[in-house]
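In the form predicted alone, a lone chain appears below as structure tokens.
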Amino acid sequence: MAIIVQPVTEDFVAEVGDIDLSAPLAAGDIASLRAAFTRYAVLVFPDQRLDDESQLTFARHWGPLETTVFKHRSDHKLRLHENLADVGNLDTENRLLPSDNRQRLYNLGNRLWHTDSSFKRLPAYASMLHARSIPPVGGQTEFADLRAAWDALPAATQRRLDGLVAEHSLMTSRARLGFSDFDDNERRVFAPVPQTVARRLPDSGRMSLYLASHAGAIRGMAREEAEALLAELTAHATQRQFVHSHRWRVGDLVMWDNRCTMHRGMAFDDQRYPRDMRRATVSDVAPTCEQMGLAVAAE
């Protein structure tokens, strides 16, 4: 039986049915999923009964797996496999993280508009987040279509953005929330990296903004001007007409294209309700500047 792809809008977000991601996938199904992913950028797979290994097996179809950033912290005990990002609110004993816990405070940064791993020189391509347990209220995830946001910009603004390179760092996004608990190794690993502000997607040929709360500077531009421009672009890209809000159900796996979307988790009572969400992420094929043919010197 062929898989069903049901669009939510004409070219942003689709639900996928008649597929079991825990089972081996036929080449034709993978091809259909790739075509749908290129068009819609966010795919929702309801009622997927996955364990960690089957989730990772599905993710490997899309590229090399990333390792969780918590791996860089020697005093952090991982709850999950190192290739899964733990974006829930549970400790290694599956108890709620207390309000002053470092992991909880770090994860609050997921409530800012961001793109996964734009703070890495080789950033992320696709992320796959699976809901194991969810709060009864709150905790939705919002997605912004940066392709549509680019298309809606005035031509003069598009020309202004051509060739601009922003500096992305995980420490930049966390500083917005007052979080600065990074050790020396993390400060080295999370040093700013260059990313284009706009990029062309090789599979669809569409142009897209490339934004994240991790971006805090633009090369060759005064800091105040850069921050104002990035804030203006983020405000533009997250207008309601570009945003889809996903209400989670247990078993949902949602997959998104980090090259052309931003997302953020919405608030919930994390001191009352458990939320177990596990994300597999795969890397893009090359740095954004390289893909756009920009020669960028190290700083």
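Here the structure is a predicted model, which is why all the values come from computation and not from measurement. Don't overthink the numbering: it's just position in the shown sequence, from 1.
Omitted here: the form predicted together with a small molecule. The next part is about that form.
A heavy atom within 4.5 Å of the small molecule in the predicted bound form is found for exactly one of 104, 79, 120, 114: 114. Interface residue among 140, 158, 204, 133, judged by heavy atoms within 4.5 Å of the small molecule in the predicted bound form: 140. Comment: 260-268 is the region of 61-69, 260-268, 36-44, 233-241 lying near the small molecule in the predicted bound form, near meaning a non-hydrogen atom within 4.5 Å. In the predicted bound form, the small molecule sits within 4.5 Å of a heavy atom of residue 110. Mapping the unseen interface onto this chain, residue 148 falls outside it, with no heavy atom inside 4.5 Å of the small molecule in the predicted bound form. Residue contact with the small molecule in the predicted bound form: residue 126 places no heavy atom within 4.5 Å of it. A residue is said to contact a partner when one of its heavy atoms sits within 4.5 Å of a partner heavy atom; residue 226 fails this definition for the small molecule in the predicted bound form, lying far away.
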